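One chain comes next, on its own, written as structure tokens: the form predicted on its own.
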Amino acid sequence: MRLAILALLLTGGAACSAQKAPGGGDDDGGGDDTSPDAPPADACAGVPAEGTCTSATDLVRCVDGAVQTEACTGACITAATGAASCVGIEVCAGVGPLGRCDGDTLTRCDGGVAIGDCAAAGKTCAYTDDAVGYACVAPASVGKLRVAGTIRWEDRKLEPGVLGPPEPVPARGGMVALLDGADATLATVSAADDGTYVMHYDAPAGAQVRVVMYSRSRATARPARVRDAQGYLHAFGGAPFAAGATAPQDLLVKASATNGAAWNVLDNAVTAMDWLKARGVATLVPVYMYWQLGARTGSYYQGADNSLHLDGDDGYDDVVALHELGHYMQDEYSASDNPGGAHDGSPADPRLAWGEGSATWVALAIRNVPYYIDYSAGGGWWVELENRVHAASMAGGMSQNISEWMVAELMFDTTDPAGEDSVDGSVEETGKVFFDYIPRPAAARGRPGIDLVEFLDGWFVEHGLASCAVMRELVHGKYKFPYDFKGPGGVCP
């Protein structure tokens, strides 16, 4: 379907109304009407029954002699037949920050739905660069040949003690390249969020070429790479084909492949970066993730070079990957004075408890599931962090050693709606403390450095004292942590 070029903004819900157009028929049935109740021949003043777009988001059509208007939730589009219709914001689900090409139809979702017919403007839909992505461009600016297809990988859904069966999913934002017979790169693009890609290239007639997908997100909105132990991107290639062939070139990385989980690691980075963007982070610092099947490195984050290392059996451990990405977020967008070292959830230095517990909160908040899960053959281990309480001691003081699990539990309780706990919170409210207050605390209280006391201080600085009663019930009643409720945000009554 070819669509008229539109520049769109996201609007509210649809609203319909009907009214007579100016110059409607006489009430007495005069004129050329064949019956007193028939509408005049031009009752809609030229508005067609098949509809027309009057703006980026407004559609009008002639229905039973009256003009009907509709405000589209996403966009008003016009097909090649001339008929107009509304599309919803749901079309953005498979697009991503770099857009998508379907033939010469361009779809963008930069704050709202934008759909355009490049061919109608004498252009073609093609990939431009890693900041803009797909756009309508002059045909002469891209290669004469074109290849398109879909790249996917097999996910295995993670639950406590269970790794689900392989399930094909799109390789969102994955890097795709076209190589010639000598492995020289002819073109490189990114896949849309539905896994589709389009590449334009030049090659001699009859030359053999092949499509290869890599474990990298090239978009400046999602700068992430997954490397093997030697520092190379993981790659998966398709069979060679003749240059100029038009058949779709689809790729599927099986979970059974030795590098199959690399794309799961990348997908977690994409998820985390989208979550950061939704929290208001405008510019993202690249993250470099290392994983190789069979490696025995343990899982950890290294702030000196923004590198995240996952153990060889953690390829499908979404929570572990997101926890380590939580350390990346602390390093770049929040703060932590984590002294490091071994930790197992036992009461520890409150700075370590903050560093590890708040990183776990990131993983729980992104997944909206209160489980830390580390899967391995035989089931691995997991900790439930909603109903289970790793309490402190009301007699221990605010600088006492505490469990990292308690920090994650308490933060998750300020994130989820009231039910299991007294606080009716949200990710946005807790995230505001994590991203806005923690990097610049007003005072150093409790143990010197960033710990749970700074988070609680920040809660009242950012949100005021209206939640004093429910926070006291949560902090003192549920977690037995002797916070004094006398921080820089004010003294709770």
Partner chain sequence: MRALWAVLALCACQGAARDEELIVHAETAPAAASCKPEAPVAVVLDARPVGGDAYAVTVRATPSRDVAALELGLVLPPGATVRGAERAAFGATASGASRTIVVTVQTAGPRAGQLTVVARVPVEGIAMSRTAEVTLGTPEPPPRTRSYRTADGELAMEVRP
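Positions refer to the first chain, counted from 1. Everything numeric here is computed off the predicted structure, so don't read it as measured data.
Not pictured, yet referred to below: the form predicted in complex with its partner chain.
Chemist: Are all three of Phe435, Leu465 and Gly477 close to its partner chain in the predicted bound form, meaning a heavy atom of each within 4.5 Å?
Modeler: Spot residues vs its partner chain: no contact at all.
Chemist: Exactly one residue in Lys123, Arg210, Arg146, Arg152 has a non-hydrogen atom within 4.5 Å of its partner chain in the predicted bound form; which is it?
Modeler: Flagged contact: Arg210.
Chemist: If the cut-off is 4.5 angstroms on heavy atoms, which of these, Ser393, Thr246, Ser376, Ser141, is the one near its partner chain in the predicted bound form?
Modeler: Looking at Ser393, Thr246, Ser376, Ser141 one by one, just Ser376 meets the 4.5 Å heavy-atom criterion.
Chemist: Looking at 152-160, 341-349, 278-286, 83-91, which stretch has residues with any non-hydrogen atom within 4.5 Å of its partner chain in the predicted bound form?
Modeler: Contact criterion met by 341-349 only.
Chemist: Does Trp382 reach its partner chain in the predicted bound form if we count a contact as any heavy atom within 4.5 Å?
Modeler: Trp382: contacts its partner chain in the predicted bound form.
Chemist: Within 4.5 Å, heavy atoms only: does Asn306 come near its partner chain in the predicted bound form?
Modeler: Asn306: no contact with its partner chain in the predicted bound form.
Chemist: Answer yes if any heavy atom of Arg227 is within 4.5 Å of a heavy atom of its partner chain in the predicted bound form; otherwise answer no.
Modeler: Output for Arg227 is yes: heavy atoms within 4.5 Å of its partner chain.
Chemist: Asn368: heavy atom within 4.5 Å of its partner chain in the predicted bound form?
Modeler: No, Asn368 is distant from the partner.
Chemist: Using a 4.5 Å heavy atom cutoff, which residues in 200-236 contact its partner chain in the predicted bound form? It's fine if the answer is none.
Modeler: Result: Arg210, Val212, Tyr214, Arg216, Arg218, Arg225, Arg227, Asp228, Gly231, Tyr232, Leu233, His234, Ala235, Phe236.
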